[in-house]
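We begin with a single chain expressed as structure tokens, specifically the form predicted alone.
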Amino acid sequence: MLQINYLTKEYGKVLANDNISFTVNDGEIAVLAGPNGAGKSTVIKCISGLLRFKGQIFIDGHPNKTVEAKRVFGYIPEIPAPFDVLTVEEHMEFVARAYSLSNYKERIEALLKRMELWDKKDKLGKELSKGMQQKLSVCCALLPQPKVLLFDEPFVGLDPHAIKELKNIFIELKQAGCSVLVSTHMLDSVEEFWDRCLILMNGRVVAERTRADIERNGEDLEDLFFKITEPQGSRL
């Protein structure tokens, strides 16, 4: 479970996140949506431990900056940042050793083959295309089999095969009981598998819907998003 309680983040006099609270339950895929400048990136950086903040963030019951939380947390950033002089396989080996994993060789091979990187396992990070870097980032995050995962614009730069595989991975994570938060403005890319959607505007959650809410009310998620985020729209 991922739990956010009263998250507030200020940059000087700018209030980027204003008293945000939400929960992503076990076996649930939540979408964090909003236009540019809504505060999504700040929420992501706070969850992943990159920023100081006011409030509480718990990952599987542990404060997000603790070692216990980091052991069960996976983060796939929007802009991958592989090490220039490590090969694809060495990146995976580095993660395995950092998490003190055992019997991980077969899992490394399976993940790299699934994301079509096995034949690139000897390539250096600096030699990889943007799409390959993104796929490597996904593989590294999945290797320790985390309970809570955060994906920031995960489909950007991926080829059709990788997009298909990643969508299948989302469903598998959900079935395995993981808590998954996906930050995106491409709502059609998560249409098949989302369970909960949180729409941010001006640093606040201005609407929250579950799939059951949408179906019961006869709403369309994308229409709702534009009604809220477009200047002429009304907030709910």
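Quantities reported herein were computed from a predicted structural model and do not represent experimental measurements. When you see a residue number, it is the position in the sequence shown, counting from 1.
Not on display, but discussed next: the form predicted in complex with ligand ATP.
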| property | result |
| --- | --- |
| 4.5 angstroms heavy atom contact with ligand ATP in the predicted bound form for A38 | yes |
| Non-hydrogen atom contact K65 with ligand ATP in the predicted bound form at 4.5 angstroms | no |
| Close approach of V14 to ligand ATP in the predicted bound form, 4.5 Å, heavy atom | yes |
| 4.5 Å heavy atom contact, R211 to ligand ATP in the predicted bound form | no |
| The unique member of H185, R204, K167, K174 whose heavy atoms fall within 4.5 Å of ligand ATP in the predicted bound form | H185 |
| Heavy atom contact within 4.5 Å of ligand ATP in the predicted bound form, the stretch among 189-197, 38-46, 54-62, 23-31 | 38-46 |
